[in-house]
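Here's a solo chain for you in C-alpha cells, the form predicted on its own.
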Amino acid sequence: MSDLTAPPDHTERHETVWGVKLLGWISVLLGAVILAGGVWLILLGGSWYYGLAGLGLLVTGILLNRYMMEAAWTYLAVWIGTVAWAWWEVGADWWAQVPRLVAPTLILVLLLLCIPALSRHASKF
C-alpha cells in the first residue's frame, strides 16, 4: 500500500537528459552564428543557404531544449537542404563535398541518438 501522506514523486516526469540539452544549446549557438553570417551574406547579394540553414539549426536547438520530436524533422529538412546545396555547389566531386557535409552529418547522427530520449519525454505528456 502506498503512503498517501508522502509528496508525489514527479522526478521521472521532469528528468533532464543532458545530452539532449547540450546538443540543443550547441545547435542554438551554432544556428545563431550561422544565421547572423547568413543574413550578412544575403545583404551582400550572396547565397541564401547560410541564412536558411542557420534559422533551421536555431529552431532545431529550441525544439531540442523543449524535448520536442519536431526537432528531428526540422533538422532532417536542414540536412536534406544542405545535401542539395552541396550538390548544387560542387556536383559529384567527392572531396569538395566532404567539408560541406561532415559537420551537418555529425549533428544529424547526434540528433538521431537523442530520439529515444525525445520519444520518452513525448510519451509522458
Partner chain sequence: MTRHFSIVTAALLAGAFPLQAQQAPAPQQETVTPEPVDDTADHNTSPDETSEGTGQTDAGQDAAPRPQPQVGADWPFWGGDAQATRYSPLDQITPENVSQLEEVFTFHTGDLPEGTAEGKYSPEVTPLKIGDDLLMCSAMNILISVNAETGEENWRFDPGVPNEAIPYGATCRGVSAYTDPSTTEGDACATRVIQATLDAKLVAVDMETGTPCEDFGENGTVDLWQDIGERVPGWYAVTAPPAIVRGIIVTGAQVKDGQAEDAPSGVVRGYDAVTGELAWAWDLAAPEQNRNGPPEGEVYTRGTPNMWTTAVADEELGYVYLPLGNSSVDYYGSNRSEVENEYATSLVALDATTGEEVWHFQTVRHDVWDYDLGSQATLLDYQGTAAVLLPSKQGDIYILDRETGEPLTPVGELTDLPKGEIEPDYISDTQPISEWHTLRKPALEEKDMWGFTPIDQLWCRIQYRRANYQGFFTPPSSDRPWIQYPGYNGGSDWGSVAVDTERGIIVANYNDVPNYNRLVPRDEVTSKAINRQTGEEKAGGGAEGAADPQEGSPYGISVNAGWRNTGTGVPCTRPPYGGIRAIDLETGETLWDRPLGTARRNGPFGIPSFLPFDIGTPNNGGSVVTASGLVFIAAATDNLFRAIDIETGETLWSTVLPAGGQANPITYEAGGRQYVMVTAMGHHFMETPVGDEVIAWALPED
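Quick caveat: nothing in here was measured; it's all calculated off a predicted structure. Positions refer to the first chain, counted from 1.
The protein also exists as the form predicted in complex with its partner chain; that form is not presented, and the subsequent description refers to it.
Each of I34, L41 and S47 is positioned with at least one heavy atom within 4.5 Å of its partner chain in the predicted bound form.
A residue is said to contact a partner when one of its heavy atoms sits within 4.5 Å of a partner heavy atom; V98 meets this definition for its partner chain in the predicted bound form. Heavy atoms of G24 never reach within 4.5 Å of its partner chain in the predicted bound form, leaving it off the interface. Within 4.5 Å of some heavy atom of its partner chain in the predicted bound form lies at least one heavy atom of L30.
Taking the partner from elsewhere, V90 is found to have a heavy atom lying within 4.5 Å of its partner chain in the predicted bound form.
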